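One chain is shown next in structure tokens, namely the form predicted on its own.
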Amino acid sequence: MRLGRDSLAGLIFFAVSLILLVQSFGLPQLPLVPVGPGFYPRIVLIFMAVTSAALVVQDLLARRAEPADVPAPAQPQRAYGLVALSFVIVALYLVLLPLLGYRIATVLFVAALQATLERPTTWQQWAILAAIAIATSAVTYLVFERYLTVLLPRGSWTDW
């Protein structure tokens, strides 16, 4: 059985995450703080390893389910415009972040990127999009600013 692109990418990211995970255990432990500098990178790297492995398994199962005599499906259309537009949205987010502040800029960023990737067509989908954007900004603000005491950018226009 040949590996597909998804399997190959999954294996590469799985290997990278495991290498970095092993290296994260070499970071120094702080004596007074139970959560050291390697704690959050380890969480991200474990999540990356699990999702990479899931990608490999998903690709292998999809390839096994395909009958051998059926020709491979046509290659999907390349969405270069969508990729370019996503980069523009990220650049606008970086420009607006110091002006509007983290909370407002993040709501706008998440909403714009969601609407770009999958345009809502009903008012219910727009409501879900808005709820996800607001919740993303609120949860990340609470976790970083309140729980971890990481200062997030305040807006020069909004001071919020």
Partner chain sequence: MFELLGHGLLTVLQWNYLVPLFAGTLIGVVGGALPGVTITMTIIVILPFTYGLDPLQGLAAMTGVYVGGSAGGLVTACLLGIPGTPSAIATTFDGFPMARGGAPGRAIWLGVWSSFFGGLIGGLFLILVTGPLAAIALQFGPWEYFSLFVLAMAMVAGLAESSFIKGLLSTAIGLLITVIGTDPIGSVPRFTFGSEFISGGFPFLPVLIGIFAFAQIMSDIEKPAVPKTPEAVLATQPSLGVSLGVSHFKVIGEILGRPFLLLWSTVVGILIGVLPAIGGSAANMLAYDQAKKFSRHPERFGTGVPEGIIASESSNNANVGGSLVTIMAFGIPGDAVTAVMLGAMTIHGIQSGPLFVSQQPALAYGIYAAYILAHLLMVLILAAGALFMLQITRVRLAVLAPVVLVLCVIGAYALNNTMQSVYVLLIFGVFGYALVKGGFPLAPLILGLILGDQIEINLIRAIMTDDNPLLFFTRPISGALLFCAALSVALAVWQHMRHRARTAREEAPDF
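Under this definition, the rigid core comprises the largest set of C-alpha atoms superposing within 1.5 Å between the forms. Bear in mind the structure is a predicted one, so any value in this text is a computation, not a measurement. Numbering follows the first chain given and starts at 1.
There is also a form predicted in complex with its partner chain; it is not shown, and the following applies to it.
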Exercise: residue 58 in contact with its partner chain in the predicted complex, heavy atom 4.5 Å: yes
Would you classify residue 152 as touching its partner chain in the predicted complex, given a 4.5 Å non-hydrogen atom cut-off? yes
Is it the case that residue 110, even though its partner is missing from this view, gets within 4.5 Å of its partner chain in the predicted complex, heavy atoms only? yes
In the predicted complex, residue 39 touching its partner chain (heavy atom, 4.5 Å): yes
Though the partner is not shown here, which residues of 28 to 49 have a heavy atom within 4.5 Å of its partner chain in the predicted complex? 28, 30, 32, 33, 34, 35, 37, 39, 40, 41, 43, 44, 45, 47, 48
Would the C-alpha of residue 140 be classed as shifted by 2 Å or more between the shown form and the other one after rigid-core alignment? no
Under a superposition restricted to the rigid core, does residue 60 display a Cα displacement of 2 angstroms or more between the shown form and the other one? yes
Look at residue 45 and decide if its Cα position differs by 2 Å or more between the shown form and the other one after superposing on the rigid core. yes
Classify the change in Cα distance between residue 87 and residue 54 in the predicted complex as closer or farther, relative to the shown form (magnitude of 3 Å or more). farther
